[in-house]
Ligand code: F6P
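Take a look at this single chain, the form predicted on its own, given in structure tokens.
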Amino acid sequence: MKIAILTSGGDSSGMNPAIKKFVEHCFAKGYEPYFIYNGLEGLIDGKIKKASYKDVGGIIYRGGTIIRSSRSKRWFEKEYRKKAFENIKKEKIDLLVILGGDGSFRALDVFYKEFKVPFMGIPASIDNDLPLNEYMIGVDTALNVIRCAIDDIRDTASSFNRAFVIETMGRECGYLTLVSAVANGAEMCLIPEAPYNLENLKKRYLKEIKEGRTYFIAIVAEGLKITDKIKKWFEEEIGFESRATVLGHIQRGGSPTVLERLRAAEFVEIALDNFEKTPNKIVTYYDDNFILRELDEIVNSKYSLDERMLNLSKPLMGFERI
């Protein structure tokens, strides 16, 4: 049986450990592993190659994905999806394993409905925005990269009477911002999914300054597009010299954490151990358990942040906790 793997959308640390486990577990179960290079673009172009142990030697500590990824505009046109299907038939691929996020699974949904190619999906994205799922490959590493950056910025923030506004990634999802703000003791957390009250925050900050506060760490989600606005707000309303730091793509890189490597191995093993009896599923992680879900269930559900985390962060948004 021939099984091919591809990584789609934004890269994330943990993809390489998943690729390594994919090759090793395929051989252990008697399957033939194949790589599809360059994501959906590579599937269209027929960049499919048989994989070996040599291909995955020494990759477990590397961020990114050795088989590369892409965001394919051509995929939106049926003629190119048909070409991708013909490439799968040509190589006699029996199963497609896709590592990606919400956009990748929506692309997969269209492809499966048209051509019925057997698949298994594994969530991989630092955005952590897949419905009915609490962990995506890449999230823990991204959070630790952000933690290190905040720790370093705090060193200089505490040396001056300054406010540092730190912008984190996540598109329209505030997960990285929310968790990072709570976990790293920030004074402000602004995300797209929740309201905030600058007047309430101003009252609290001015009171804290009188009581001895000498610096501020504010974490702002990129999806709000207000990083510069908040920087000016600190200067004009709080009276603190302010600096803005956009962390950008460093959040997608870095050597995968221990948790990342373990989760990647678990996701892959569950996908390969279950596809023969329950194919065409997305492997999700929810409430400390791995759950196989229908693709329709994933693409037709709405993602939401954890209510407990949102409640913890309410004071950082200018409100009282419930």
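The first residue of the shown sequence is 1; numbering continues from there. Here the structure is a predicted model, which is why all the values come from computation and not from measurement.
Although not depicted, the form predicted in complex with the named molecule is the subject of the following passage.
Visitor: Among 104-112, 82-90, 145-153, 165-173, which stretch sits within 4.5 Å of the named molecule in the predicted complex, heavy atoms only?
Guide: After filtering at 4.5 Å, what remains is 165-173.
Visitor: Heavy atom within 4.5 Å of the named molecule in the predicted complex: which of Lys232, Lys78, His249, Arg243 fits that? Just give me the one.
Guide: Checking each option against the named molecule in the predicted complex, the one that comes within 4.5 Å is His249.
Visitor: So which of Ala181, Ile126, Leu99, Leu190 reaches within 4.5 angstroms of the named molecule in the predicted complex, heavy atom to heavy atom?
Guide: If I apply the 4.5 Å criterion carefully, the residue I get is Ile126.
Visitor: Classify Arg71 as contacting or not contacting the named molecule in the predicted complex by the rule of any non-hydrogen atom within 4.5 angstroms, answering yes or no.
Guide: The answer is yes: Arg71 has a heavy atom within 4.5 Å of the named molecule.
Visitor: Can you tell me whether Asp140 touches the named molecule? I mean in the predicted complex, with a 4.5 angstroms heavy atom cut-off.
Guide: No, Asp140 stays farther than 4.5 Å from the named molecule in the predicted complex.
Visitor: Going through 222-236 from first to last, which residues have a non-hydrogen atom within 4.5 Å of the named molecule in the predicted complex?
Guide: Just Glu222.
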